[in-house]
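Quick heads-up: it's one chain on its own, the form predicted on its own, in structure tokens.
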Amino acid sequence: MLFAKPLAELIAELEKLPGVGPKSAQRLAYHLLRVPDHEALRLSNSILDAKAKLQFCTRCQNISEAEECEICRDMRRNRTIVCVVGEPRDIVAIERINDYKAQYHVLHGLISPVDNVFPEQLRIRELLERFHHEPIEEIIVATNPTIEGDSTALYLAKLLKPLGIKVTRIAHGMPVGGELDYADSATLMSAIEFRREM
């Protein structure tokens, strides 16, 4: 056996994290074994605390401590525009711009038949329900410019345009295959400013 069983189990669990391969998982595991017990306990308590105290915003599906997130509660935001993103971290990327002051909606994934992710598994139904209670005039689709992001954008456009909703897609500045959370503020601002109707 290459690793003691508890270490092998820790490495296996760390490998399940996104972006963590076998080598990174081993480095993290060895690091965690070296830190003092109180630091390891603080990390595990932080994970359990986040799992216990966080929920999805009932309006936009972002991660929140309350029923509605801070962004949805902010009455200064434009309620006629909703920026649809794939993941909560994409909101953080767009908020860095400090110029976008409208609403959001998080799908919690992108359409990807290869990965068995289909429209009914995303938070699209919750987006449609918002049209009954909110004065939404435009949807900005800000999914990553990947095959999955483009498929999701096209699906949303076909679904929403018959309802008379203006559907736009972020454009200039985002490279094909790029991810929103890696883009700088100027690139994201350009992408939102030069969005195009779908």
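Between two forms, the rigid core is the largest collection of C-alphas that superpose within 1.5 Å. Keep in mind it's a predicted model, so treat the numbers as computed, not measured. Heads up: residue numbers just count along the shown sequence, starting at 1.
The protein also exists as the form predicted in complex with another copy of the chain; that form is not presented, and the subsequent description refers to it.
At least one heavy atom of I71 is located within 4.5 Å of another copy of the chain in the predicted bound form. Another copy of the chain is not drawn, but in the predicted bound form it has a heavy atom within 4.5 Å of E13. E87 belongs to the set of residues with a heavy atom inside 4.5 Å of another copy of the chain in the predicted bound form.
Although the partner is absent here, P135 sits far enough away that none of its heavy atoms falls within 4.5 Å of another copy of the chain in the predicted bound form. Only one segment in the set 147-155, 35-43, 127-135, 161-169 has residues whose heavy atoms sit within 4.5 Å of another copy of the chain in the predicted bound form; it is 35-43. Scanning 3-17 for heavy atoms within 4.5 Å of another copy of the chain in the predicted bound form gives F3, A4, K5, P6, L7, E9, L10, E13, L14, K16, L17 in sequence order. Remark: with the core as the superposition reference, the CA shift of Y30 between the shown form and the other one reaches 2 Å or more.
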